[in-house]
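The data below hold one chain only, encoded as structure tokens and taken in the form predicted alone.
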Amino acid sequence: MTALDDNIAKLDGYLARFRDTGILNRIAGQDVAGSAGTFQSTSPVDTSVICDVAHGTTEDIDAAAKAAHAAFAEWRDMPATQRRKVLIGIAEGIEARAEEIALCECWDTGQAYKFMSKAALRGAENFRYFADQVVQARDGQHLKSPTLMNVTTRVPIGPVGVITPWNTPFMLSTWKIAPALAAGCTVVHKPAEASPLTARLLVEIAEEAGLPPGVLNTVNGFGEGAGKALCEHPLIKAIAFVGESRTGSLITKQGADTLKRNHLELGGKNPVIVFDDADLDRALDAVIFMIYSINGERCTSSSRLLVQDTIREEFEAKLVERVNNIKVGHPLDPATEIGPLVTEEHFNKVTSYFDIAKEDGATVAAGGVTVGDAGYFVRPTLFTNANNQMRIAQEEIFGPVLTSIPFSTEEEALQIANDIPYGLTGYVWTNDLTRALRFTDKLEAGMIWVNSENVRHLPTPFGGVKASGIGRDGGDWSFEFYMEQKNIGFATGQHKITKLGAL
């Protein structure tokens, strides 16, 4: 039996219960059918039906929000050390079921097992990290004035909504849910309708670890129904969202009447700038990894290559050779590097840019074709002879598609890099330290890596500028979102109080 056959057999065992019962909403610790019936989840590998999924709408969100509201005081007031123990238990539960999570995620999203086998463990790391921050989450400052001892503290904001995407759904869910729970908030989670499997596994693991009923509730559904209702619900105090910039704008509007606090992690069209003095072999590895891993379906992918004209021909030639060697295949095969795109709709969007590139005058130097007759497979694609005004340079394709744009000078590279609506990440390759300092100071992005691919460090701030989002995840920045700042002033003596109306 090959490794692929072994993974398929294991997956079949994990999916058996979903085929029998479907995926139900989980509200106040109980399984609840969707008020609008069910919808079907299908696999992008072969378009087969995985299972039925509860179709939640306004009614289900209302029940979940009320459950989160009812559970809030108990969770908020639980001793921090006890909450920490629960979060550690969740991390241990994720580690114990990491294989199940990874295989289900591969089948549900099309992501390659090569990457998803690690994503589940990264989810456990998120819970462990924020578990360690629980005790000091409320810590504040002592700010003395001439008459007062001012003490600051933080308190959890209340029930929050978490809306997560389909690209790496389990790991991204833990990014949001772990700090919310660590802060003392309760959660209503609306996973992406295209990838509901692992959200169900997470709520099961959490409750098995001792999370009280109602602290984490999961409602499946669509953005226009369940998502909109969550953003508008008066008991939900904040929305944490990962997804498209256009959807982020809608969420802001939907939450306006209830003055909802929003953290929006949105799209990107991120530049990787390669100067001619860089370590070109390492830069090549990083360029390829950051656009073609995770099927190119990640917000931080380096989808625009800005390469100095003195090295462009040589660099692009090596790039073409490597891209043509990337293995496209079944996501459960450990050798696969790119699996199928997540849905037919997204497949059609990504492949539409193959013709758009040609119409705009770019060259399809690699890929630009679909693969096979079943599923949503495409060859990793490289466009060359492009400029920054083309649609392939301005629009987020969100697939394994790279656009290469030449530049001559540092000033030109900076102008091209910033001439975009987005500002999530940037990657700079140069061995000139002063250039790196100058360039990163002017580059419009929330996160920048110099001579490195995206290496996520949990205590650091994660987020973008411009159309790429509002707010930051990571470390104490997460607590700033999920908690309210409070100041208490204690008089240190009998200072003079102005008297009004005294005779």
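Nothing here was measured: the structure is a model prediction, and the numbers come from that model. Numbers follow the displayed sequence, beginning with 1.
Separately, the form predicted in complex with a small molecule exists; it is not shown, and the next lines address it.
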Self-check item: the small molecule in the predicted complex reached by all of 190, 250 and 396, non-hydrogen atom within 4.5 Å
Solution: yes
Practice problem: May I ask you to check whether residue 129 falls inside a 4.5 Å heavy atom distance of the small molecule in the predicted complex? | Solution: no
Practice problem: Give a yes or no for residue 423: in the predicted complex, does one of its heavy atoms lie within 4.5 Å of a heavy atom belonging to the small molecule? | Solution: no
Quiz item: Going by a heavy atom distance of 4.5 Å, is residue 410 a contact of the small molecule in the predicted complex?
Solution: no
Quiz item: Contact between residue 166 and the small molecule in the predicted complex at 4.5 Å, heavy atoms?
Solution: yes
Quiz item: Though the small molecule is not shown, can you say which of 254, 363, 388, 262 has a heavy atom within 4.5 Å of it in the predicted complex?
Solution: 254
Quiz item: With the small molecule left out of view, which of 92, 244, 333, 316 would have a heavy atom within 4.5 Å of it in the predicted complex?
Solution: 244
Practice problem: Have a look at 266 to 274, 307 to 315, 116 to 124, 427 to 435 and name the one stretch with heavy atoms inside 4.5 Å of the small molecule in the predicted complex. | Solution: 266 to 274
